[in-house]
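Here you get one chain, nothing else, as structure tokens; it is the form predicted on its own.
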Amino acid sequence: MTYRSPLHPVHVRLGARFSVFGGWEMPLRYPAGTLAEHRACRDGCAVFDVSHLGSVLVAGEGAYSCLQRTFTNDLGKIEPGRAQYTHLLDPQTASVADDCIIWWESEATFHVMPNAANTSGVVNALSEETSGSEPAHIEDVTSTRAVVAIQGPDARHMLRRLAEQAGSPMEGAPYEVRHLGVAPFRWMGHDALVAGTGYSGEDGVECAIPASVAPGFFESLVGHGCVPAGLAARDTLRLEAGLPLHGHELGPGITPYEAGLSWVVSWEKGPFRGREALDRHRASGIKQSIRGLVATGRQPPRAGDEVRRGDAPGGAGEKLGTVTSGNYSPGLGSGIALALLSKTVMPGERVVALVRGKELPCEVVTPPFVPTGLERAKRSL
């Protein structure tokens, strides 16, 4: 079964080309093209439909403890009105079964946002960790809302214009939400939620809007100057920012430590799903990690390409690892990639990626590949 976003008719009217992602038919690009959409996000404001991401409501007296036992990060580091990035681990291997954002709306109300194909797995994991003494209400509410990501240096300005000119349809000031902040607002008389989160490397927010009024919200943003952008631009943006994608930099055989995300794991908070397996993995020594590659020229390495030493006499040398994601970088004008490589490989080294059997010279770097506007925005907030 293929799902569609509540915004699908809007995308059709805007001339989108579609692709199936995680079981959802979603906009890949619009007539302006991926490069124009990418640059709009870096230089101005782009709006993305990310309704393929899941939404799981976790509420009640046992919600907090249930989440603490399920995920790696520690909610004790934040408070209501904040969001947190976290991991769900495979209990046997400590691989990242999913990476999620938790929106902490109020004292006992949380919204967990899994990746598109992983919502049922997250619901099952949460259900296993709730207890009779501290029950939690766990419900997949994905079908009830759309999630709209407004990203770019002008994102908050665009929301301010919408709030000022929309009048009564929008109540509250979602553009004032700071990085990783969460706040309620109303659109067309319906309760909605906004978080200072995103997946582009730029400042911006994501809004969870009731499905019945979400098309009007999206169209209002486009009408006020936000450029509609599809999943192709979302991928080039996140890759330039060095952000992981589940199924590529995260997934079977890759733990948080190998992904370079050890900060997502809180050992001090007590038991969590997969803790014992992750402790064994850590004790055995981390032998590989995610690195960045910048290719010589516009051609990028692609997921699955081997990476080898580039200084062997007569050709490529020993295998160092495998490319996990690759694409053309509009910001650098060259091919870039993320790769799971031996820990012996250091930034600055020259390697080769075997692209369709041909050697593509690359330099190993530490992501992000381009300066991110989000870091500049966080310093100014």
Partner chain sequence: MEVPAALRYSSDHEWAAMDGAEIRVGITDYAQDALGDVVYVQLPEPGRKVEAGEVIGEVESTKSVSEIYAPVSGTIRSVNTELSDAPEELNQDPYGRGWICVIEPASSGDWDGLLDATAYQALTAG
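Only a predicted model underlies this, so the values are computations on that prediction, with no experimental measurement involved. Positions refer to the first chain, counted from 1.
What comes next is about the form predicted together with the partner chain, which does not appear here.
Partner contact region in the predicted complex: 292-300, out of 87-95, 292-300, 151-159, 67-75, criterion any non-hydrogen atom within 4.5 Å of the partner chain.
Contact check for Arg13: every heavy atom lies farther than 4.5 Å from the partner chain in the predicted complex. Within 4.5 Å of some heavy atom of the partner chain in the predicted complex lies at least one heavy atom of Leu35.
Residue contact check for Val345: none of its heavy atoms lie within 4.5 Å of the partner chain in the predicted complex. Remark: His52 does not count among the residues lining the partner chain in the predicted complex, judged by a heavy atom distance of 4.5 Å or less.
A heavy atom within 4.5 Å of the partner chain in the predicted complex is found for one listed residue only; from Ala40, Leu354, Leu28, Ala59, this is Leu28. For the stretch 325-341, the set of residues having any non-hydrogen atom within 4.5 angstroms of the partner chain in the predicted complex comprises Asn327, Tyr328, in sequence order.
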